[in-house]
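Quick setup: one chain, the form predicted alone, written in structure tokens, and binding and motion questions come after.
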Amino acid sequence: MKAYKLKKEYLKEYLKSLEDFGEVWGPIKKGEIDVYEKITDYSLLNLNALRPILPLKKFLIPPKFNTFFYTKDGKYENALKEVKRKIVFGVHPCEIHALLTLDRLYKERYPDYYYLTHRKSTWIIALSCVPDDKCFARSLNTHFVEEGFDLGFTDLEDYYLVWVGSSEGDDLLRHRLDLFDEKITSKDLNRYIEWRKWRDNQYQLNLDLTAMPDIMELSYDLEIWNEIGERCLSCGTCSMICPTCTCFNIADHLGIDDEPGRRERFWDSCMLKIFALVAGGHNFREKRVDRVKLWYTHKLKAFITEFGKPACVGCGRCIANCPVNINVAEITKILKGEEVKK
């Protein structure tokens, strides 16, 4: 990958110029949380944001959207006619790993038209980060990334080292090439390497996922799951904020008289009681403990078995947002017999 330098004083001017390509989005502070939002005032951009409450997946599979319209005479019309191009700035490495996970799910075996349409129209500008006490990306090797982005910005104090990750990224950069410095010296590379070493040592939370699929299998009937199930509120927060959760539902809304009907697709959660409810009133996972075990089996066992890596990227959202402190770090430690704070 080719690299350039961009002085920090030019960042906002550069991002503003990208509006020539489409909408520019980035992390904005909203009270106590950060959100990915369309930027209208670049002074509000939060360059220190760690985990916007809703992850990048909201751009690729929106929380709610119409898939098609239909009429009573059997005619169908695609509801997804045109998707505006978005340039999303400030995406951290762990979240790009989540994006690569979604790519495998939605692009390989059963290509998802809606995902692919949004994916093609969403350009990613990655940004380096420094972890807090909830991040554990290093434990999952998701604290650095070499693919999945169009441009990658690494913060080296007074300037950014900018990596070009795609042909689209090259277009974005060359749009204002006058702001960039092409002369990358050995001093710049050494500074980058030293920063990588320093950043990696900032992780406070470290997990050992060795043999986790086997541990999950052998621990499936432990009494501790019942205790965890009793604590769980079945609120679905974990699914909404997890960057790799993909559960959704479909609803048909019938038109009145000559109005067309529409089919709506929206996020759902396997943690909700009615998710596994089927015709006849049978519920495959009526108990909360069964739903909790399913969620963590997917994150820590099934996905590793299928794809060779967990369906967790160590972003820390579950730690930050679960109201009863059930999260990947806690579950992992419990299953490995480690002491957990009550």
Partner chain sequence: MSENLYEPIPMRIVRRYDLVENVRFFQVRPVEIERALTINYKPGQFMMISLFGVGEAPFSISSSPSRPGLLEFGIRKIGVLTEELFKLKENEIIHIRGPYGNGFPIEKMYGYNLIIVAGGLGAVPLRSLLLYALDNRDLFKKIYFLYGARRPNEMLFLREFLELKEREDLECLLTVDKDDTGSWTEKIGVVTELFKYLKDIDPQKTYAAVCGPPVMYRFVIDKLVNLQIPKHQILMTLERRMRCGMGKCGHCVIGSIYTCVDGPVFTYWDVLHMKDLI
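Numbering follows the first chain given and starts at 1. Heads up, when I say rigid core I mean the largest set of C-alphas that superpose within 1.5 Å between the two forms. Since this is a predicted model, take the numbers as computed values, not measurements.
The next section is about a form of this same protein that is not shown, the form predicted together with its partner chain.
Across the proposed site, Lys2, Lys29 and Trp163 without exception lack any heavy atom within 4.5 Å of its partner chain in the model of the complex. When you look in the model of the complex, the only residue of Asp188, Asp268, Asp132, Asp170 with a non-hydrogen atom within 4.5 Å of its partner chain is Asp268. Comment: its partner chain is not present in this chain, but in the model of the complex one of Leu209, Leu205, Leu105, Leu156 has a heavy atom within 4.5 Å of it, namely Leu105. Within 4.5 Å of some heavy atom of its partner chain in the model of the complex lies at least one heavy atom of Gly280.
Taking non-hydrogen atoms only, Ala302 approaches its partner chain to within 4.5 angstroms in the model of the complex. Using a 4.5 angstroms threshold between heavy atoms, Leu254 counts as touching its partner chain in the model of the complex.
Within this chain, Tyr192 is remote from the site of its partner chain in the model of the complex, having no heavy atom within 4.5 Å.
With its partner chain omitted here, the record of contacts in the model of the complex names 111-119 of 196-204, 111-119, 141-149, 174-182, defined by a heavy atom within 4.5 Å. Residues from 229-248 that approach its partner chain in the model of the complex with a non-hydrogen atom closer than or equal to 4.5 Å are Thr246, Cys247, Phe248, in the order they occur in the chain.
Once the rigid core is used as the reference frame, the Cα position of Gly255 differs between the shown form and the other one by 2 Å or more.
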